[in-house]
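Take a look at this single chain, the form predicted alone, given in structure tokens.
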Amino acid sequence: MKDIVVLVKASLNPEIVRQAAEGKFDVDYTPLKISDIDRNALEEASRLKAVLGGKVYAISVLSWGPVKARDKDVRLAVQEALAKVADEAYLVEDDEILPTDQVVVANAIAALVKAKGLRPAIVLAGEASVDESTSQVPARVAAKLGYSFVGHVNKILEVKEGRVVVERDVEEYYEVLEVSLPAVISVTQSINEPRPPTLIQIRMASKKPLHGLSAKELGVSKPRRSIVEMKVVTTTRKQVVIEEANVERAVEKLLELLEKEGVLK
């Protein structure tokens, strides 16, 4: 097993949030973009490909619909993966499972890996997507495939016969782990600095295989969750100006205002 699979998500773009009436999040008119940390996973796949020498496959499951409106966005995300490092890509699009959830996405990825006979040594993913940020999908994929799993990895130190050694950030300290292959590894943004694909890589991406599949083909059922409401969080500034030349008196007035607002007690 020398191949690598990279999980790529076309996430709702948090930089271009569309707001509808009554502060509701207008999902239909918010564009999708490749999830930021997935770029780190792709960069790491590029490095590991030189070590392992196998093929790199990108897998993406469309999470936000409808397919007709989102197809261009998700394909741009997959094309970036193909331009960057992937030799081949698989895209699951199906209105029957949209909007989907983490369980369905993981089930679809695992079913695809099995159906297409992929036998990766390593499955790479970003530790979280920029829209929902649940960090669930990589672990769920590992459980479905029966692979080892390690999350929040900030360094892949060594890949040796049947094992991979990683370092991960657990907030107060760093932890070095050795896990057996095949393994699913979710990476942090600190693992590397993603490089944009070159013009030649972008041109070559269009010639690489991109396979489309439906949830029905993979035997994946509808999600159990339903989104009742999504709202945009807005903030307003009070714009209070303290006009006081004396610094000590200005601080006293500031503290008084903060006490009135309940910030200080």
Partner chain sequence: MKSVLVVSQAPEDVGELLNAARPFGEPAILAFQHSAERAEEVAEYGHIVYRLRSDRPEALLAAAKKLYEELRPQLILGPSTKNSRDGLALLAGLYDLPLASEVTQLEDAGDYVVYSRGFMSERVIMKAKVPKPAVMLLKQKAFAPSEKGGKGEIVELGAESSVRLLERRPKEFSGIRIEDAQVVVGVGRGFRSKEDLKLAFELARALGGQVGATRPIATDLKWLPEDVWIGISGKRIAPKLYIAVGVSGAPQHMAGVSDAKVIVAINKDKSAPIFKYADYGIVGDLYKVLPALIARLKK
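Predicted model, so just to flag it, every value in this text is computed and none were measured. Numbering follows the first chain given and starts at 1.
The form predicted together with the partner chain is left out here; the points below concern that form.
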property: Region of this chain that lies against the partner chain in the model of the complex, out of 195-203, 225-233, 210-218, 54-62 [heavy atom, 4.5 Å]; result: 225-233
property: 4.5 angstroms heavy atom contact with the partner chain in the model of the complex for Lys84; result: no
property: Contact of Glu161 with the partner chain in the model of the complex (heavy atom, 4.5 Å); result: no
property: The partner chain contact at Ala69 in the model of the complex, heavy atom, 4.5 Å; result: no
property: Contact of Asp169 with the partner chain in the model of the complex (heavy atom, 4.5 Å); result: yes
property: Residues of stretch 243-259 in contact with the partner chain in the model of the complex (4.5 Å, non-hydrogen atom); result: Glu243, Val247, Glu248, Ala250, Val251, Glu252, Leu254, Leu255, Leu257, Leu258
